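A lone chain, given as structure tokens: the form predicted on its own.
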């Protein structure tokens, strides 16, 4: 499916996703009020990926709640609803309304947006993450997972896994973009916000994404699923995410480059790989990376 930042903000984009070859879709990460996001240029395709500093542009919580409730009335309860409040109080307010609604899908709580000036990534503050999850799961009982930033230190993997294992988290999404990269064209930064600093995605981040998927697959309770995200351009990339332990894979940069036709291509390429290896189902190889 798409990642929560890619081609999923407007009614038209959500319609295109729902009528594509994707297995499901996720809405744009939303805040309570609509946001225009950061000034442009704020997204640039690169040879091996992309750089962006979008700043959470979205149409506001009410728009996306109305959308997922319409899908519920149509019998589609498999979609994901992404929430990214700018404060804990904002997340609690949105989740309280979701809890009291007829929504029967799955919420992805974004703890990892790197492109909001002045706002730290919650996922790098372990004490704060524990506080957030404690207060949310005190009242929230519907399916919920968290979108995490990339981790680079083995101790940090262990610290976050210890926190997540305490709560009824249904899944984790690994990873959001690697924050605060800088890309230069000639003598100029290529995006405007934050002096050119932005989140890097695409092939640049695939090894980091695979490492995060693998480590959390090994450290988390087995009832917590992993959604892999980062550097997926081909069916082989999908295969490797699943081999590391992902149950589902999200697409961002390549979806921006190729549009929704990418899903059918990736599925076809993955099926070819599985056929060549005599795999009949994802469970035949999920998490079965050979470690030397």
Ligand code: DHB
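Numbering follows the first chain given and starts at 1. Here the structure is a predicted model, which means the values were calculated and not measured.
Although not depicted, the form predicted in complex with this ligand is the subject of the following passage.
Residue 55: touches this ligand in the model of the complex, heavy atom cutoff 4.5 angstroms: The answer is yes: residue 55 has a heavy atom within 4.5 Å of this ligand.
In the model of the complex, residue 177 touching this ligand (heavy atom, 4.5 Å): Residue 177: contacts this ligand in the model of the complex.
Contact flag, residue 29 vs this ligand in the model of the complex, heavy atom cut 4.5 Å: Yes - in the model of the complex, heavy atoms of residue 29 and this ligand come within 4.5 Å of each other.
Touches this ligand in the model of the complex: residue 112 (any heavy atom, 4.5 Å): Flag for residue 112 set to yes.
Per-stretch contact check against this ligand in the model of the complex, the hit in 56 to 64, 258 to 266, 223 to 231, 245 to 253 (non-hydrogen atom, 4.5 angstroms): This holds for exactly one stretch, 56 to 64.
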